[in-house]
Structures are given as structure tokens and as C-alpha cells.
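Next up: a single chain in C-alpha cells, the form predicted alone.
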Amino acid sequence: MANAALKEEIFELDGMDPEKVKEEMLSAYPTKVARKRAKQIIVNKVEGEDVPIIQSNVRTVPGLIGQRGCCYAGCKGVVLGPTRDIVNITHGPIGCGFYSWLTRRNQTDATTTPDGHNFMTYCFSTDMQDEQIIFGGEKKLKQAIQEAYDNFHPKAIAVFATCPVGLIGDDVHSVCKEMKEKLGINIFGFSCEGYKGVSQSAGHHIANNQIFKHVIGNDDTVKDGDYKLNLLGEYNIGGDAFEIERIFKKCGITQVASFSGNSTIDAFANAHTADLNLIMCHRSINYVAEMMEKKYGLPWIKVNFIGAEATAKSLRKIAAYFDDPKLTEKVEAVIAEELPEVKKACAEVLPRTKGKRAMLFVGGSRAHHYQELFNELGMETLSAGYEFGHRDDYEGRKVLPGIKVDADSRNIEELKVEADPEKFKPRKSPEELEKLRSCGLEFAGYEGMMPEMKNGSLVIDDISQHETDTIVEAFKPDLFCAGIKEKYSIQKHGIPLKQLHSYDYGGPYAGFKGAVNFYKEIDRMVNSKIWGYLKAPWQTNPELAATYAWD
């Protein structure tokens, strides 16, 4: 996407002033709430390097119906859930165990590993009862770990603390340490109580920390391949990772590990042997990338495989990093081979999608990534925002030095990471890195979403149901992208909603073949006549048909 400030485009939102729409949203709130929400609702105005400041990663106001999940959901459900050969035990009541059943449509291929372990379809829970809440649940947790080991013989077991566990003080870490010594396998715990932090973002951070401490670096075996990398922040929703892996294989690129789509604990343990980290979802996984760079000398770059042009751009970044004519030639050949089918599919739907308008309120990077696909379809993004994004996700990483650490952030352990005396190995010399930067390759950088959105578009952090209803009524977009909680309320407005957390029953949408799938899906959605029939005739044209008895 071109920079909005360079294009100097201002949205014409049906003649409506976005500032007035913002005022309308805030008018329904008490004064104190309105003041807080005003900092989280921004009319985008990028001027050169200046990006508007947006308040984010703050607690949701009680009473507002938001989109967020909890810390436990971010740790167990997002980061660890897609790993097929770890037995993930939820320590808590069975209600919390529902999310341990993995409801996000993460896919995996267990046939690629010799043992064939796949525990993703199981729901492991200690099922804490009143007795454990009163007297403690550590004994029951030990029994659960032993039972899981006896029945499944996994390579590793992970334990996730839920709200009651944190409140009563069960020490999951000491239990894991004791059972690890007893059983001889890797067993580690996560203090990811749901109330910790402001959203699921805290759970991502906690998951990153524990994987880094207990798993990464345990296997020093170096895989074959001239171009070895890790893909971070890709969770294989609807098969996205399979498509990206297909492209890598076609280019001759070796993927050492994925965090965490289609992943295994052995791949995590071996990840430090790669030569480059790629980050897809910046919010959920940047912590582990930064720690791997400090400890092992492994640099990272931001990529995006959502959208055909974005995929091609990311592949060229990889080729530029390895700086090998053989890889560059192969990457260009793959792009040249894949793009004609994509362009043909786009050309077929473009007359029907061009000029349509979308809103995206999804996750911690998807609301940015999917704007690439909508651009390819000739569609405009009227408004966008994240559920659990931080300021650097909106404004870019350049704002990091100015962000103050608050109490909620201090609640999460910050690991002290130093270069490993034996395993630290800079992949590029300072001179080589500087040469690559001079050619336009940015390391450890992310420009954020707002610099690439048009001026005048509304950027809303942690959008509430009231705010959603207001902007939908004001602008009547052709498509709304969000999660399952928002789906049916949006459809009642007569507007299709594309579920971009788990894709409903669609996907993959990543890579070249994913782009084709997305084009066809969006064409069907925005051009279906069904949405015009959601209101009954008497709602659009009311008529008084009855009479009084005395008339």
C-alpha cells in the first residue's frame, strides 16, 4: 500500500464528517468514559513522518461490550494451541476448558512427523471443583499430568493457569518442575490467568517468554538447506501455513519452525539454528523474535503473506536478505509463474468489487494485512482497528522509546536476555546489514497500520458494540470484517460480515492461491442480494392495515 500522506487522499465518506461521527459515538457515554474513548478513536491524518497518537493497550471500560479475549485465551488458544504434539492442560474449572478444545480452525499435518502425534482435537482440563478451589488444586494437577503421560506419552506437557488458580495461589511452576523430574519429559507452566493484563495480548507475551525459557535452544541440530528461516505469527487458520510452506518449498527455502501454525515442539527447540526470522503477526510474537536476536544473533524482518502483491514483496525481501543470485532468480520465477492465475481471478471479479467499501476490526495485525487484499479488489477501507494492538502496531515501532510502562505491563515478566556464550552467532556482519539497509531492507522494523491508511479514515481501538452500530448506520459499508461475536449483530444491519479470526468455513487466504480464494469469497459476499431481504416489507414501508371496532 502506498503511504496515505504521499497520495494526499482524503476520504469522502458520503459527505459525512468523520469528526462528527466520532462526536456522535462519544455523546452516548458519561463524560469520563467519553474522554477516555476519545483518545482511542482517531480520524487518521498522516503528515510526512507525523502519525496521530492513539491510546491503546488500556483496559476496556466496564460495561462496554468489546471484542477482546482474556490472557488465557491469548496464551493457550493463540500461541500454544496450534502445536500438535504438546499436551496442553488447562488447570481450572471446565468452563475455561472449552477454549482448550481449540475452536479457531487451526490446521496441522501430523503425517510429516514420525510419531504422528496430534493432540489438537483433545480437551485436557483438571476440571477443578469446589473442593480444589477451597483446599487447593495442586494435587489434582499432578494427577492430571500423570494421567496425560500414561495415556498419550507426549514429548511435552504444558499447563495453563486460569483465574481461580491465580486467586487461590496454586503454584503451577513448582508442580511442573516436580513432574518433569519424575517423568523425564519437558513440562512447563504458564501463569496466564485470564484477568492478567488488559487483553489476550498479555497472554501472547507470557507464551513467548515461557517457550523461549523452556524450549527454544534445546536442539542444536542444523537442518539441510542454504536458506533457513522461521515464520513467526502465522497460526494456520484455514490452512494458511500450508500455502506459505508450499511457496517456500517451491522457492527452495527451508522453513525450520513455525510459531505456531502446523508446528511441533521439536521445531521450536531447533528454531535458533535458522538464519532469519520472519514476523507476520507483529503483536503476538515480536517478543520472542527480539529475544532470539539478543541471545542467538538471529535478525528479524516484518513480512506479510496476505495478498498476492504483499506475498511477492515478502519473497523478494527474503531473497534480498540471503543475497544469492540463485535464490533471487528462483523467487522471481515462482512469482512470474504464480501471478498470472491471481491476476486472472482478480480481473474477473474487479468490475463487481471495485468501489465497494469495507471496515476491519480484527486481531493484532489482520486489520492491517487484509487491507492489501481489499486494495487488489479495488475496495476502500473506511475504518479499521485492533482488538489488542499496542501503539506501535498503529503508529509504528518508532514510538516504542516514548511508551511508558504501566502497571498492567509490569504485571508480565520481562526476561533478561544476554548473548549465549556458545550459541550466539551473528548471521550478518555490521557491514552486510548496513548494505542491506541501504538497499531498502528494514530489520526489526514495522511502520504500523495508520501510515498506510487514507487520511480521513477512522481508526478505532477496542471498538465497542455501540460504536460499531454507529459507524455501520452512518456509513453503511458493503462488508464488515471482525470475529464471531460481532458476526450476527452486523448481519442484522443487512451487511455481510467476513469472519477473519477463523474464516468461518473458508480459507486459506494467504499466499497466491489464498488470494484467489479470497477474491471469489468477497465477490460472493458483497454482491449477494440476500442482504437486502433482511428487513421485512412492513419495516421498510410500514402501512396501517387495521381499523378500530367502533369505526
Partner chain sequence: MLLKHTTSEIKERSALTVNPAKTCQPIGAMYASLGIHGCLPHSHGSQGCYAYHRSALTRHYKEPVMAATSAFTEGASVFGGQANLLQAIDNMFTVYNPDIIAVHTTCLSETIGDDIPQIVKKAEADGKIPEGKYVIHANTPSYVGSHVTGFSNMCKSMVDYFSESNGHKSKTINLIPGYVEPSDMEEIRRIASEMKLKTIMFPDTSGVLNGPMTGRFKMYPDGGVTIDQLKQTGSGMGTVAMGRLASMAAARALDNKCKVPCEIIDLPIGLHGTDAFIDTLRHIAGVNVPDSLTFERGQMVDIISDMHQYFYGKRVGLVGDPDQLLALTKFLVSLDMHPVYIVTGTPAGKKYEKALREVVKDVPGEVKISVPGDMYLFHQWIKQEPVDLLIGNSYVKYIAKDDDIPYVRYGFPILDRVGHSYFPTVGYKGGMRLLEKILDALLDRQDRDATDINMELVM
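Positions refer to the first chain, counted from 1. Only a predicted model underlies this, so the values are computations on that prediction, with no experimental measurement involved.
Just so it is clear, the following notes concern the form predicted together with its partner chain, a form of the same protein that is not shown.
For the marked spot (215, 231 and 528), a heavy atom within 4.5 Å of its partner chain in the predicted complex is absent from each of the three residues. When contacts are judged by a 4.5 Å heavy atom cut-off, residue 210 does not count as touching its partner chain in the predicted complex. Although the partner is absent from this view, residue 52 stays clear of its partner chain in the predicted complex, with no non-hydrogen atom inside 4.5 angstroms.
When its partner chain is considered in the predicted complex, residue 370 lies well away from it, no heavy atom lying within 4.5 Å. Although the partner is absent from this view, residue 150 contacts its partner chain in the predicted complex, with a non-hydrogen atom inside 4.5 angstroms. The single contact residue among 189, 477, 194, 389, judged by any heavy atom lying within 4.5 Å of its partner chain in the predicted complex, is 194. Among the residues 366, 454, 330, 117, the one placing a heavy atom within 4.5 Å of its partner chain in the predicted complex is 117. Per the 4.5 Å heavy atom criterion, its partner chain in the predicted complex is contacted by stretch 109-117, the sole one of 273-281, 109-117, 294-302, 318-326.
Taking its partner chain as it sits in the predicted complex, the stretch 487-512 comes within 4.5 angstroms of it through a non-hydrogen atom at 488, 489, 491, 492, 493, 494.
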